[in-house]
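Taking the form predicted alone, here's one chain by itself in C-alpha cells.
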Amino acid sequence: MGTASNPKTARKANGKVALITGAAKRVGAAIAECLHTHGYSVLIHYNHSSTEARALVDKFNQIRPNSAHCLQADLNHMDQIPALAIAAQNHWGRLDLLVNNASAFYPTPLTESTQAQWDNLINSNLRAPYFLCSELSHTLSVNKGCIINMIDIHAQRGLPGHPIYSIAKAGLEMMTKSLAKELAPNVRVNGVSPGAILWPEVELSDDAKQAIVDKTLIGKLGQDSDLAEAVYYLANANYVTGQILAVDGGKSLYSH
C-alpha cells in the first residue's frame, strides 16, 4: 500500500478528521471538498487515480495547511484494508468520520456475468466497506464518530442489466442498518442513496439521458454537491442513526 503515515511524524489535525474512500474525483472529490470547506481535515483514499488525488490534496493544503492527505489502497485486496485503516488512524492520530464512497459500477446481464465480476462488484461495494468499518470501529467509538455509506436507490429497485451491482448495494443498505445497531450508542451509521446524480462515465445518448431525467419529480439531473451536502448533514445529525437518505429528485417515488 502506498502513502502510509508515520505516527511519530504526523502532526495533529485542527478539528475533525474524515476518511473518504474513492475520493480522487467525481462524487468522492465533491464530498471531500464539502467536508474540507466545513473545517474537516480530509484523508483522500484512491486506487488508481494518483494524479487527481494528489492535485486535490495540494489544492486543500494551499487553502489550509496540513488539512489534507492521500492514501492508496486497492479495496479488492483484503490485506490492504487493515493497512489503510492503520494509515488513516495514524496520520493525524484520530478519525471522526468514515465515508464509504468507493464503488465499481458496470452492467452484468445474468447470462453473461462472471465470477470475476461478482467478486469485483461485491468486494468494492460491500465487503471492503464492511471490513473497513470493522477495522475503524474502535477509534470511531472513542471519538463518538460516524459512518456514512453511499448506497443507491437501486438497492430498493434493482437496475435492469446490473443485478450484481444492485445486490451489492442492497447488502450495503442492510449493513448500514445492522451496524447502526452493532455500534450504538457511540458510533452513528447512516447512508445516502443517490438517484440521477451526474452521468455515468460510460457515454449515454441524449434520449437515454432525457428518459432518466423524465423519471424524476424535480425534472432535472442532480449535482454531486447535493450528495456532498447530504453527507455533511448526516455527519452532524447527532440524533440520526440507521437511516438512508434518498437524494434522487423524487425518482424513487416515480410511479409511471
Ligand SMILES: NC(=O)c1ccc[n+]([C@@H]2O[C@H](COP(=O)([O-])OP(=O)(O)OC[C@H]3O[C@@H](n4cnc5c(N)ncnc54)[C@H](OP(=O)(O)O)[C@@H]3O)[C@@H](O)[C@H]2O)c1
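The first residue of the shown sequence is 1; numbering continues from there. For clarity, every value in this text was computed on a predicted model and none was experimentally measured.
One more form of this protein, predicted in complex with this ligand, exists but is not displayed; see below.
Shown alone, this chain has one stretch from 110-118, 133-141, 174-182, 96-104 that lies within 4.5 Å of this ligand in the predicted complex by heavy atoms: 96-104. The contact residue chosen from S225, N47, T37, N61 relative to this ligand in the predicted complex is N47, the criterion being a non-hydrogen atom within 4.5 angstroms. A heavy atom within 4.5 Å of this ligand in the predicted complex is found for exactly one of A196, V187, A230, V57: A196. Taking the partner from elsewhere, V42 is found to have every heavy atom lying beyond 4.5 Å of this ligand in the predicted complex. Of the heavy atoms in S124, some are within 4.5 Å of this ligand in the predicted complex.
Shown alone here, A88 lies farther than 4.5 Å from this ligand in the predicted complex, counting heavy atoms only.
This ligand is not drawn, but in the predicted complex it has no heavy atom within 4.5 Å of A68.
Along 151-183, a non-hydrogen atom within 4.5 Å of this ligand in the predicted complex is carried by I151, D152, Y165, K169, in order along the sequence.
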